[in-house]
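Below, in structure tokens: the form predicted alone, a single chain.
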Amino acid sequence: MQNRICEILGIQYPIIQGAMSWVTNAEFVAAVSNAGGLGMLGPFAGRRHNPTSMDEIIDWMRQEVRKTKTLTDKPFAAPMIVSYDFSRIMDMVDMLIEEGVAAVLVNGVDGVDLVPIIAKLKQNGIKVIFRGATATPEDAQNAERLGADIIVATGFDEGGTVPEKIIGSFSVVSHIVDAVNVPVMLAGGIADVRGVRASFALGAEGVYVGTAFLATHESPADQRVKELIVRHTASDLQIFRTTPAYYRSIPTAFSTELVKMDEQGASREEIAQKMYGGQALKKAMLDGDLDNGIITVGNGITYIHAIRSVKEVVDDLMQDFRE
């Protein structure tokens, strides 16, 4: 069964794998696309070590794009933002255009003019998936005016950089659906078919999924991280303030330290410096260093009961779309 998301992206099922920092690579992304969804390379895709320059980051991403093409003939995506250095976004966009990536994730962030970025992508026939840091009707409407093909509405249940507004995923989605005419996907807390069905009942036409794909055999996340995802539920998770808003984590020694800093009145900036400066995401999620990193996941973790293949996750979540 096809819908607008499938038609726009040229995929079998209306599901996108999130652009998770450090924990994507060509093999993982190709597995999602080959299973019928849209795989997406994330920041630092395929890397094990910190890059030393933006040139290195862009060149590495180019090689990962090319590698993905050798593993799938299906569409896949990449983000325009691949580091905290926003000055080279257009160079990244130019590379993705040169390499013929099917779709690009355009994030709404302060200080980045999206007008020339979206215009250039559209002029070159690349589909634009817009995802604001915090889902608002105004942001979604602006992205639609600029030419976005798909809007991702992100609720507070997500993993990674949690939105500023504390509005749950299943509360935010209809708010965005009602504001735009382009199709909307829901992100945050979706890890089983019930979440998918609820998303569609509320007006979404697709789902944008991160945590459920982390706990797969193909995921480059450390094996200990996958096992912890299976063992924990949403009620176990810690949450702390940072920039731009919040992060949540499966409890680790480092996340507990960040929570304590928050409780003792440290500023968001101080917590962010300790977290980002310490490479907390990479250390735990990729390297398995649980003493010096965090494991960021969404509230859908409750519904993950086993480490499965990417295909099993896609088939399970998309069971209502299988013919």
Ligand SMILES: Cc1cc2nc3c(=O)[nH]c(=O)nc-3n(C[C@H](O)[C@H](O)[C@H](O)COP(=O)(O)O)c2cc1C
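Small disclaimer: the values here were computed from a predicted structure and weren't measured. One-based numbering along the sequence shown.
The following text describes the form predicted in complex with the named molecule, which does not appear among the structures shown.
Trainee: Taking the partner as it appears in the predicted bound form, which of 188-196, 233-241, 120-128, 88-96 has residues with heavy atoms within 4.5 Å of the named molecule?
Mentor: That would be stretch 188-196.
Trainee: Exactly one of Leu114, Leu71, Val182, Leu105 has a non-hydrogen atom within 4.5 Å of the named molecule in the predicted bound form; which residue is it?
Mentor: Of Leu114, Leu71, Val182, Leu105, the residue with a heavy atom within 4.5 Å of the named molecule in the predicted bound form is Leu105.
Trainee: Considering Met61, Met275, Ala31, Met285, which brings a non-hydrogen atom within 4.5 Å of the named molecule in the predicted bound form?
Mentor: It is Met285 that has a heavy atom within 4.5 Å of the partner.
Trainee: May I ask you to check whether Leu281 falls inside a 4.5 Å heavy atom distance of the named molecule in the predicted bound form?
Mentor: Answer yes; at least one heavy atom of Leu281 falls within 4.5 Å of the named molecule in the predicted bound form.
Trainee: With a 4.5 Å heavy atom cut-off, would you call Val209 a contact of the named molecule in the predicted bound form?
Mentor: Answer yes; at least one heavy atom of Val209 falls within 4.5 Å of the named molecule in the predicted bound form.
Trainee: Find out whether any non-hydrogen atom of Gly147 is located within 4.5 angstroms of the named molecule in the predicted bound form, and reply yes or no.
Mentor: Residue-level check for Gly147: no, no contact with the named molecule.
Trainee: Classify Gly298 as contacting or not contacting the named molecule in the predicted bound form by the rule of any non-hydrogen atom within 4.5 angstroms, answering yes or no.
Mentor: Heavy-atom contact with the named molecule at 4.5 Å: present for Gly298.
Trainee: Go through 18-40 residue by residue and record those having a heavy atom within 4.5 Å of the named molecule in the predicted bound form; state none if no residue qualifies.
Mentor: Gly18, Ala19, Met20, Ser21, Val23, in sequence order.
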